[in-house]
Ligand SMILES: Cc1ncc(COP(=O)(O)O)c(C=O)c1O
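Just one chain is shown here, as structure tokens, and it is the form predicted alone.
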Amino acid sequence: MTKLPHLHPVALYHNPMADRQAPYGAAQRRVLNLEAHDAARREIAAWPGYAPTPLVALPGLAAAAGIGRLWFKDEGGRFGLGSFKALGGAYAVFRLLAAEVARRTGGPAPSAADLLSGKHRDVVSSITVTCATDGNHGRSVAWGAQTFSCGCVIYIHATVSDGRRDAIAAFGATVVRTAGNYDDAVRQAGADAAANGWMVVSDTSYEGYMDVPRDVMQGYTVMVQEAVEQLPPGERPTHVFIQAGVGGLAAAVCGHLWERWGADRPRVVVVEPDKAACLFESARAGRPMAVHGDLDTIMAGLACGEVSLLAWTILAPGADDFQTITDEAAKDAMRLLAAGTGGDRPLVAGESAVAGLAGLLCALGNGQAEALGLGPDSRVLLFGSEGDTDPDLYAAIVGRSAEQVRAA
């Protein structure tokens, strides 16, 4: 029997605000809705290099874990950027540029094809976009800026690795490292943008800043709908374990499935690092809460201390449970996927990508199966949100490079 990484400590909190019978309401539709999803998908599907990422069945790991089905949406190949973030930041960059071209010219908003052809380059080249990032969102924004020919400045915080910094710079962005944590970098990016007339493309929302993060989240729903269409005919997941930083990804998954399937949607368990659990603490408090400190976790994409208000609008009534995991659980989950289990093919998944899997396995191993309704008939959907976006760190944790794992 494969040894599963299930004995790490895990905290679980059932969300008392959740009402599975409640309809997807007007407040939630103002954040994400199927009509806006359709528009995002039409646009993104027309970009060069678009292809749905695979939904990988893991029957060997499901059997070892004692559940019925396990599916892993592998985002490592998304647009060559290595993560699902390519769907969000770049889409928001396009939407901002199109709106600004329309404002300045007085004409209709251009399509991506218009911008890619060089039309309106005189306007677009005068625009600079910026954001703070712990890696993947900044890479997406930088790629979007390069693709659509505008300027880009990206802010990273103190603990972002040099590998992630270099990956952003490779797309032509100016990268600025700041002191402090992710939330400090967010504030610095906002202040410098205001001083220089740049456009902020943040994946987190706050009072007075909602439109851009809404576009980012709507881009993520393209991944969710791909997974829906890739499920075996007649099968739906009973559970989704989905990782969260500020909550944008988790809300995109929860909101899209809630609106599409209503009360028949899967149970949504939101998983965070125990060192950066702002959503877990918000659920316990019944309102958005910030957590402070250096948020020092290997799950860099989830190292966020402040909740996105847009995400909270969906997750507060829509997420069923909130859970925290340790870094060690994430490392074990990375190694488990890389090794393959019971005939499953090895998978490359980065530190943040495996949080959902680690949460599932820790829940099963720590006596929380009954509380979460998990059993031999459960069908669990996971979103592997990144590949080896920091190759050196990946190899250090797994003991092999991503190329060696894929070759196996």
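This structure is a prediction, so every number in the text was calculated from the model and none was measured. The first residue of the shown sequence is 1; numbering continues from there.
Unshown form predicted in complex with the named molecule; subsequent notes refer to it.
With respect to the named molecule in the predicted complex, the three residues Leu87, Val93 and Ser140 uniformly fall beyond 4.5 angstroms at the level of their nearest heavy atom.
In the predicted complex, the named molecule sits within 4.5 Å of a heavy atom of Glu386. Though the partner is left out of this view, Ser205 does not reach within 4.5 Å of the named molecule in the predicted complex, counting heavy atoms only. Although the partner is absent here, Gln243 is a contact residue: one of its heavy atoms lies within 4.5 angstroms of the named molecule in the predicted complex. Using a 4.5 angstroms limit between non-hydrogen atoms, Tyr220 touches the named molecule in the predicted complex. This chain appears without its partner; in the predicted complex, the one residue of Gly318, Pro213, Gly144, Gly301 with a heavy atom within 4.5 Å of the named molecule is Gly301.
Checking Leu249, Ala283, Ile168, Val269 against the named molecule in the predicted complex, a heavy atom within 4.5 Å turns up for just one residue: Leu249. The partner is not drawn, yet in the predicted complex one stretch among 79-87, 95-103, 189-197, 334-342 has residues with heavy atoms inside 4.5 Å of the named molecule: 79-87.
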